[in-house]
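A lone chain, given as structure tokens: the form predicted on its own.
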Amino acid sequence: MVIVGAGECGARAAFALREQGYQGSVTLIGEELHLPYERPPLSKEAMASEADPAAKIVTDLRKLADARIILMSGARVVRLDRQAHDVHLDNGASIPYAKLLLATGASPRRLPGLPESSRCVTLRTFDDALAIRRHLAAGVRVAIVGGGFIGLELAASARRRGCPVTLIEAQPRILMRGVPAEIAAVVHAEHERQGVCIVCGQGIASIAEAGETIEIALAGGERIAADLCIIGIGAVPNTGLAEEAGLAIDNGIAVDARLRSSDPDIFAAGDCCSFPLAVYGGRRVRLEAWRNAQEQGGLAARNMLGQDEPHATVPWFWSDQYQLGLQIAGLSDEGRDTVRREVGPDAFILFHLAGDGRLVAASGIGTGTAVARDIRIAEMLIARRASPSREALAAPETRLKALLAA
């Protein structure tokens, strides 16, 4: 078994193979020199912690050795030979496989014409996080392009380190993708309260380096000067190897519900693949989410061993910014109607219902983990394709567990 991509997803898959009793060779290939690590802390703790950050590793060398997993760090796969069942590395070596998992992740989306500069950066790896952190000091002007989760989390971290922050979003509001406007408004207000200047509805005309300053010209004519510019406008799946090998591509490596690609001996999982979601009638999605990487790593391993298990979980996303905790279960754009439930001081959940009354998503925000329990129960209701009454969902005195039992 060979796994290309030694991030969270690939590492979880390698250990899952052993947990399922597989005794053959397991090789995990990663381009980075670090041990497999989690990415969510990169925009949070790695930026804002007082102590020097360390990567939050998924495993260590002893555990890898005990599990007889061969980790090839700093190695890059340059070609897949599907006929010979080999992967070819940049050092000229080749490794045979019976089954292959592509867990190649995604790369930051680039702005065209972006200058080559240490002051105009993106965030994807732990080394990227260290490079950005070195700039973050009190008084350093930070401009962030992109009002999604990454951009907003970085804005919060930069403010914690005393940086003046301007965040630029081309869309009419922040968090346009997958987050309801009511929740985005709460996040927007908190960032402004914390001192972030948010500019929405403005595209970028140009970004240029002028000495030690980054000059950003907006489409509306405004100019913003910064000491550091961070681009956070989403990510694109790493599909190069799959494309060159002739695998089907559809917003990522196209896989079926068992995470099999168009080649039955090649699987894909995590940020790099798109797959059908049964709970939404087979709608094809690609998820860039921590829990999805974990779950699909295990699912891919089981199916590489022939278990024929379909993907059956509900998408779940989360973000922490300042004292706010935001959680979403399901895909809110599947909803046609919304029911609001107050769950405590300054905390609420929006339940999204399909036209037939079925619960298809739940979006919540509040202090800390105020919405976590109810979002978890909502996730289970979504998985069961439940259709709770609007009145029960809206009433704070109605226990959601009771709806689950019903």
Ligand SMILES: Cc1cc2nc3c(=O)[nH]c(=O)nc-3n(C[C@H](O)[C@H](O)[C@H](O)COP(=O)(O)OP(=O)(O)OC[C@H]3O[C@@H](n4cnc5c(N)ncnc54)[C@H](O)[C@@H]3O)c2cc1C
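From 1 onward, residues are counted along the sequence shown. The model shown is predicted, which means the values in this text are computed figures rather than measured ones.
Absent from the display: the form predicted together with this ligand. The rest refers to it.
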Problem set entry | Heavy atom distance at most 4.5 Å to this ligand in the predicted complex, all of E31, R39 and A75 | yes
For this session: Name the stretch, out of 192 to 200, 314 to 322, 92 to 100, 276 to 284, where some heavy atom lies within 4.5 Å of this ligand in the predicted complex.
Result: 314 to 322
For this session: Tell me, yes or no, whether R358 is in contact with this ligand in the predicted complex, where a contact means a heavy atom of each within 4.5 Å.
Result: no
Exercise. Would A293 count as touching this ligand in the predicted complex under a 4.5 Å heavy atom rule?
Worked result: yes
Problem set entry | Contact of G105 with this ligand in the predicted complex (heavy atom, 4.5 Å) | yes
Exercise. Would A300 sit within 4.5 Å of this ligand in the predicted complex, counting heavy atoms only?
Worked result: no
Exercise. Among the candidate residues S261, N238, S332, T166, which is the single one with a non-hydrogen atom no more than 4.5 Å from this ligand in the predicted complex?
Worked result: N238
Exercise. I204, L123, L247, I233: which sits within 4.5 Å of this ligand in the predicted complex by any heavy atom?
Worked result: L123
Exercise. Going through 1 to 33 from first to last, which residues have a non-hydrogen atom within 4.5 Å of this ligand in the predicted complex?
Worked result: V4, G5, A6, G7, E8, C9, G10, I29, G30, E31, E32
